[in-house]
Structures are given as structure tokens and as C-alpha cells.
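Quick setup: one chain, the form predicted on its own, written in C-alpha cells, and binding and motion questions come after.
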Amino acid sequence: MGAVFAANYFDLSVNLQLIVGGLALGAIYSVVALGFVLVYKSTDVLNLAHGEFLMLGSYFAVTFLVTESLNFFLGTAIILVIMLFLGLLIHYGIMRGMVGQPFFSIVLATIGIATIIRAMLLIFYGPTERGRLTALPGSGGSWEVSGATIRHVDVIILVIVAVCVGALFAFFKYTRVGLHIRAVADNLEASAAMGIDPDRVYAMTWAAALALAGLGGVLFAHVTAAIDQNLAAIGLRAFPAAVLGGLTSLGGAIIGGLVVGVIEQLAGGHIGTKWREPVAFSVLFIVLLVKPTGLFGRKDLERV
């Protein structure tokens, strides 16, 4: 048994297959972690409902891509618009009134949102789990590369995430709204003095974060074994990615997601699937002990 394990451990084709699958999974984590970081960086809110928002995206994918049989891109666009409006609703309906409240009160508010989402999904979709989606065009096959089986769905997910992340960073760099979000995240007082409305920026931040979670949910519905209420845990599994990259770094969230995804896949493939989450959270503990701000996080200076 030991010889078989050792041979599998150093098998190039097995490792290549695990790494490609890990990059696809990590790309989804990156999208989820981006939304997590975006809200934290702009509003200082630790959003513990982000996993539920991802789960909501997966269930919406069941409705629009399976039940309504919409084209993948049209259905996904509708889901993203719904998530955008839900983000605005959460800001203006709940989080706006929490501004200035103690940190733990705001965190509890996000836990309350998560509970409501779980209850609503249970009411409208029931406890029955759904199977993996196959609506992503061209995702059904695979390639043989150096003895490794590379699934189409993994490569397509990587391409979609790369395009969306590129568009998001271009949005932050070249648009007025994106610049306003960056300005508020960097210095709230200075940006308000320049005439930027923080409340409007917070609303757009929540909308963008939920759209990212919705996209992550749609993509994850194509790689998960089942769509059920356990999907919310993916949000927690993306948390180590955000911490690894740094809770204040958008680029760090991308790298952190990819690293955690690859580590999870290698651990699951070589040690056992039950070790995937312990290994991912071990990364979180190590990072917190060695570098609490993450690999690319910013350590704010305080005048005393």
C-alpha cells in the first residue's frame, strides 16, 4: 500500500490532473474571495453570509438554466442582475442602518441574513438536493494530456474567471465608479471631502460583491457533486483564500484562491477527500500565525 501511495504521489499525470482541477476550483474561490474582500475593504464589514450568497447563485442556476432551460449566458446574466439588485436591497434595507454600530452587531446582522437565505431556499426549493449542472457550453468532454485527463469544464471555468476578473480590474482602474470605490476604500474622510458619496459607494460595493458570489455559485454548480444547503460552506472555504492573500488586497484574493484550490485538490487526491478542509484551514492558521495581514494585505499605520 505504501509503494502504491508513493508512486501515486509522484505520478506526473496524476499531479497535473489534480493541479488543473485545483486551479479551476481555486478560480471559483477567487471570485468568492474577491466579493468578500471588496466588502471588507470598502465598508469594514466581515460578511459571514457570503457563502449563502454563493449558494443562492447555485439555486438560481437550477431555476434559470435547468427549469427554464435558458441559454447559459442569458441565464447567468439574469442571475447577476438579480444579485446586483439584491446587493442594493441588502445595503439600503439592512446594512445602511448598521453604519456606526459595534463590529459584532454588524457581524451578527450578516449571520441573520445568512439564516434568512437558508430558510427561504428551504421554503422555495425544499430539502431535496439537485445534481451537478451541465449547462456550460462544451463542458462535457475531456482531453488527454501526458496521460492526465483534463476536463473541459475546468478549463472553461478558468477562462470565464480570467475574463471576468480582467473586466473587474479594468472597471476599478478606468471607470469613475471604480475609482470612487477605490478612493473610499483607501481613505474615507479624504474621499468624502472630495465630494464622493460613501453611501452610494457602499451600495455599489454590496451589489458588486453579490454579483461575484452569484457568478461563483453558477460556476460551482457545474463542478460540485450536489446542489444543496451544504454549498454555503464554500464561502467558509474561500475565507482562507481571502486571508492568505490579505483581506485588503483584491489581487491577493485571486492568488490566495488559486493556492487554496490547488492545495485542497492535492490533499484530497493524495491523502483523502476528508482532509481537504482541514488542510485548507491549516493554511489559514499558519498564515494568521506567521503573517496576520496575509501575503499582500496592508498593515494600517495608526498615530498614537
Partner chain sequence: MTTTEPRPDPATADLAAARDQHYGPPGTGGPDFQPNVVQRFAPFALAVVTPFALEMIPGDNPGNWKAFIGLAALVVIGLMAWKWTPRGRLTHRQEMRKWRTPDQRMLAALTIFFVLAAPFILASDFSPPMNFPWATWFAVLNLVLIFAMGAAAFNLLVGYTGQISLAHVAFLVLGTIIGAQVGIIFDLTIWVALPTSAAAGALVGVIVGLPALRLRGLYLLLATLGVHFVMLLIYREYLQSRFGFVGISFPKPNIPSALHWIPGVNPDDNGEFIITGQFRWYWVIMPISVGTLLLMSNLVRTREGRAFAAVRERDISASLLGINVARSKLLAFAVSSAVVTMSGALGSYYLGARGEDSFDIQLVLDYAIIIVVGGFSSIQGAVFGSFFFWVLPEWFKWAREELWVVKEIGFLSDYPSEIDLAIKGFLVVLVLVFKPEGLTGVWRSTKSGITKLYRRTARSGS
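Positions refer to the first chain, counted from 1. Quick caveat, the model's predicted, so the values are computed rather than measured.
What follows is about the form predicted together with the partner chain, which we do not show.
J.: Is every one of 85, 88 and 222 within 4.5 Å of the partner chain in the predicted complex, counting heavy atoms?
T.: None of them does, since no heavy atom lies within 4.5 Å of the partner.
J.: Does residue 174 reach the partner chain in the predicted complex, with heavy atoms at most 4.5 Å apart?
T.: Flag for residue 174 set to no.
J.: How about residue 19: is it within 4.5 Å of the partner chain in the predicted complex, going by heavy atoms?
T.: Result no; residue 19 lies far from the partner chain in the predicted complex.
J.: Within 4.5 Å, heavy atoms only: does residue 40 come near the partner chain in the predicted complex?
T.: Yes - in the predicted complex, heavy atoms of residue 40 and the partner chain come within 4.5 Å of each other.
J.: May I ask you to check whether residue 293 falls inside a 4.5 Å heavy atom distance of the partner chain in the predicted complex?
T.: Answer yes; at least one heavy atom of residue 293 falls within 4.5 Å of the partner chain in the predicted complex.
J.: Just give me the single entry in 77, 98, 156, 183 that has a non-hydrogen atom within 4.5 angstroms of the partner chain in the predicted complex.
T.: None of the others qualify; the residue that does is 98.
J.: Within 4.5 Å of the partner chain in the predicted complex, heavy atoms considered, which of 196, 120, 188, 81?
T.: Selected residue: 120.
J.: Counting only heavy atoms and a 4.5 Å cutoff, which of 143-151, 106-114, 129-137, 212-220 contacts the partner chain in the predicted complex?
T.: Result for this chain: 106-114.
J.: Quick one: which residues from 237-261 get a non-hydrogen atom within 4.5 Å of the partner chain in the predicted complex?
T.: Those in contact are 239, 243, 246, 247.
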